[in-house]
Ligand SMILES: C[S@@+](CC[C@H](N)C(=O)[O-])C[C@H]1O[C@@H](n2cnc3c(N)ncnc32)[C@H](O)[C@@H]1O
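Here's a solo chain for you in structure tokens, the form predicted on its own.
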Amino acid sequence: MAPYETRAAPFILMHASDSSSGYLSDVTFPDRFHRELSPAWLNYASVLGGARPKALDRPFRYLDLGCGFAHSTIVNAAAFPHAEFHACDFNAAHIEAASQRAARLGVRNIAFHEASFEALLEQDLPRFDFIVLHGIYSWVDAGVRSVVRQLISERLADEGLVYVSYNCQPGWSAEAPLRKLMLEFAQAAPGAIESRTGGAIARMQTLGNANFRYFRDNPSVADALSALAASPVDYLAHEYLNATWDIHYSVDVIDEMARAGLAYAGSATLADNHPALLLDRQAAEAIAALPNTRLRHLAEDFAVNRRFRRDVFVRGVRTSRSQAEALQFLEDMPVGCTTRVEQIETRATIPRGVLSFQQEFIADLRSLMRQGSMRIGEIVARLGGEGRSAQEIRQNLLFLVASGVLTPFAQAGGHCATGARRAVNAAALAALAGGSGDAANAYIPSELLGNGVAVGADEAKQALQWIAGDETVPCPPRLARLGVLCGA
């Protein structure tokens, strides 16, 4: 496949009009960045589940279905300039804004499709190595989900990966009636969707007290209602007010994807791949005693009362691999620290509490992480030695990634100190310039990370001053280590 970035146009815009099948279209979706959509992140999650890793240094193809403003996918395209990205959404406002963002960043290896999924089926598209759907599967009807699975079946490459996020049971069992209440209040009110959503929340708050037995019998609902009242209206409208709003059991989604030729590989919520981080011993033993994988998978959802899943699937049934081969795949995965290295501490938060690590281990790990990202096998080898178990070091590293202390990377590497002061690529420079005046974090593409680096306004300004040659301003060490900046 020739590198897609050689095309002259910064983007391709295809128009198609079709029914939204009940999906809300008169208010745009919140513009958010999701790190889990990165090919590097998905590659890591799939390898934890036994899949063969993708060669991310070679050309590949990536499709985002229901992309919204495509924030994550544009940043990912900039982080993988040798790959070909496509982003599809039927909302014209989403596609127009996404196209403008890509043009501002100078990202040319992405094509935008203003189309329904049905219309996309008719397009002459290639096969993709990654297909992602975030915030889609629970919010469209069964017919659209069927079209999604047909797209996956027809357009996913062999051993390709699929990411699907969705609301799941049993975590929504107490709160699901709130959605019905909000929907009914919003439908009964006049005006635009934003005002109707706000009015619905206000009405719900007048009912949310112990005089209503539903709230008394479900104490957690009061906290949920308070959280709703504090949420942005555009988010609430898209989350709760679509004509379709389905909550799935994970085993049912696995069955549906199996009919499209996919096998469950793991979770992009990385901690969910490590039962020891989720379950106490009694729960773990009860689940382990169940007679098959399906029951154990479902029981774990009940054990943690899971309400949202980020599932990763692989095309075809995963072949059995030797323990040595699976271990080699895992040890080839690069990981690193995206925060200040000093923030790697002896205690890490996990779903069931806190993990503690030996001070000496953390001190040695900090020293390595200051050099940049490294493959897991190299870290294990360099931290090993007399009295240290390679297996325990590897487990510690996996748990640190699962807890968010460390992060999956696309490449092993660190600071490039040669040449003039510069951002590594034009997209990173444009993103820094845009982020220097923004109160919120900007996400700067990093080819080393294969994802977006969260950067605040002060750090972005410092980077721009350093690039401009201000001798009084030091190079931001984190951005140099993460491959965003290069030069002496």
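Just so you know, these numbers come straight off a predicted model, no measurement behind them. Note that residue numbering follows the sequence shown and begins at 1.
The same protein also exists as the form predicted together with the ligand; that form is not shown, yet it is the one meant from here on.
With respect to the ligand in the predicted bound form, the three residues His94, Ala115 and Val144 uniformly fall within 4.5 angstroms at the level of their nearest heavy atom.
Interface residue among His134, Arg309, His86, Arg101 relative to the ligand in the predicted bound form, by the heavy atom within 4.5 Å criterion: His134. Note on the partner interface in the predicted bound form: the residue among Tyr166, Phe90, Phe130, Tyr240 having a heavy atom within 4.5 angstroms of the ligand is Phe90. In the predicted bound form, at least one heavy atom of Val140 sits within 4.5 Å of a heavy atom of the ligand. Although the partner is absent here, His34 is a contact residue: one of its heavy atoms lies within 4.5 angstroms of the ligand in the predicted bound form.
Interface membership of Gly435, defined by any non-hydrogen atom within 4.5 Å of the ligand in the predicted bound form, is ruled out. Put simply, Cys67 is close to the ligand in the predicted bound form: some heavy atom of it is within 4.5 Å. You can rule out all but one of 286-294, 395-403, 195-203, 116-124: in the predicted bound form, only 116-124 has residues with a heavy atom within 4.5 Å of the ligand.
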